[in-house]
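Consider the single chain below, provided in structure tokens and representing the form predicted on its own.
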């Protein structure tokens, strides 16, 4: 029997709020907006509170348990950052205020621009993009405009390795450019010979995720950047995996020309459920004139001002970015300092290699690139020997019964039955061991009782859904039960 929906809880005449009398002149409502009946449930305050609290307790979140979602860096977010973002002096600002009245907020943004530039080795940063994919689009538009400014507007080709993030090809297409995929070699690096074959006069640049979605650091990254530059191209770095390298290596020092940061991943904002996010973009001095504007600068009097870069691509969003996320990131960086940020990356890499080594030793789940030291994440396969009918999806669904959020499934596409696991730096050894033990027990179940996995999860409020049908034919409204509609 399904649990009662909020409509079923209502009773005519029951109420929880006394609406005050109108203290302003009433305005007639246009007739086309008026309905004869509006069958909303009538409930007490206690009914409403209990209903929504109960629903919230069904949600899985990083504050509830382990969230090893590969390539997403779903790490615990310190609550001090939340407190800072909620300070009255920040939450009560309006983006259209005169700059003279928001100097503190602009100082924070100016300093964060400088911090991010220093962390990643760039000369300038914009905080405007709303998320990682938005930062990608911004970066590729900058690359395209820079090529046009060079007199190279005929260039239309972007190279994307097959180990890159899946948004890279979409970003390229949205920018009006053409995608050419580069294969990986046997060690998970970009195939250099395939790269060299594509270095022609049509090249805008290369988009590369480093560390890649295989969880591997590109061993030839400096040579790759040099080859692309020699061909007149630019190199875009996908910064979504910065959590593995910050404080250790700066992408700008390797030859990357433009890169986005995921503040909501690396620098602490809860981002489950679709947001919020922030995808600042850092660039070299050559590309700084093309940044979207305005950005925060300081004048000769020490006042913070809005400034437009000389050849800006224009705005990429309303106002100046997701300010609350910016405050959280600023707090996170100030709390950690340079040594702390390096420790974050070191611990993230340590945790991932610990898990990879233990799973590889047990032998239940093949790890295609297990011969290499991984970075912040690694990719195993949901192909269990002795359980031919069990797939990565079955393993993931069964993990829910053990109280864990499943890792990323079936990505990257170049690994069959992929399970991409990212433990992050915030998880303890005990948590990692418990997750490994759950995977081991699931492998045993797959061999002895595969139907247990095929029908999992068994303990979740909702069982298996037809996810393809749900995406293509969503049901966005609900019809109240007949016994309520007729009361």
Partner chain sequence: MRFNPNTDADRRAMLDAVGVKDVADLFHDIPAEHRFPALELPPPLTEMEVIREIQALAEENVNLDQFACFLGAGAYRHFTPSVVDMVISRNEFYTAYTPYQPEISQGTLQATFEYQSMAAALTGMDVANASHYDGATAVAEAVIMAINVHRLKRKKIVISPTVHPMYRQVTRTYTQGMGLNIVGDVSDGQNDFRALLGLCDNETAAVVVQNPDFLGQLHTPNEMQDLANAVHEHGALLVVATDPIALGLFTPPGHYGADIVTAEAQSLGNGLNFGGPYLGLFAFRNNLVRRSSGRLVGETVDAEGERGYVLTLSTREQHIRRAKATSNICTNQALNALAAAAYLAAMGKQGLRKVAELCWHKAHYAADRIGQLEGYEIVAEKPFFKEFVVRCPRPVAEINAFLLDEYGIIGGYDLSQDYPHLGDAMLICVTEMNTREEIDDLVEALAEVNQPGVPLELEVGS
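Numbering follows the first chain given and starts at 1. Just so it is clear, the model here is predicted, and its values are computed rather than measured. Take the two forms, find the largest set of C-alpha atoms that superpose within 1.5 Å, and that set is the rigid core.
The next section is about a form of this same protein that is not shown, the form predicted in complex with its partner chain.
Novice: Between 389, 151, 386, 95, only one gets a heavy atom within 4.5 angstroms of its partner chain in the predicted complex; which residue is that?
Specialist: Selected residue: 95.
Novice: Using a 4.5 Å heavy atom cut-off, which residue among 359, 105, 287, 195 comes into contact with its partner chain in the predicted complex?
Specialist: The residue in contact is 105.
Novice: The chain here is shown without its partner chain. Which stretch in 230-238, 196-204, 402-410, 378-386 comes within 4.5 angstroms of it in the predicted complex, by heavy atom distance?
Specialist: Looking at the other structure, the answer is 402-410.
Novice: Just checking whether residue 295 would be counted as a contact of its partner chain in the predicted complex - the rule being heavy atoms within 4.5 angstroms.
Specialist: No, residue 295 stays farther than 4.5 Å from its partner chain in the predicted complex.
Novice: Any chance residue 309 has a heavy atom within 4.5 Å of its partner chain in the predicted complex?
Specialist: Residue 309 lies outside the contact set for its partner chain.
Novice: Under a 4.5 Å heavy atom criterion, is residue 209 part of the interface with its partner chain in the predicted complex?
Specialist: Close contact is absent here: in the predicted complex, residue 209 is far from its partner chain, nothing within 4.5 Å, heavy atoms only.
Novice: Is residue 69 close to its partner chain in the predicted complex, meaning a heavy atom pair under 4.5 Å apart or at it?
Specialist: Contact check for residue 69: yes, within 4.5 Å of its partner chain in the predicted complex.
Novice: Can we say 225, 415 and 434 each have a non-hydrogen atom within 4.5 Å of its partner chain in the predicted complex?
Specialist: Spot residues vs its partner chain: no contact at all.
Novice: Hey, which residues along 346-371 are within 4.5 angstroms of its partner chain in the predicted complex, non-hydrogen atoms only?
Specialist: The stretch 346-371, when checked against its partner chain in the predicted complex, contributes 346, 347, 349, 350, 351, 353, 354, 357 at the 4.5 Å heavy-atom cut-off.
Novice: For residue 441, does the CA position differ by 2 Å or more between the shown form and the other one when the superposition is done on the rigid core?
Specialist: Shift of 2 Å or more: no.
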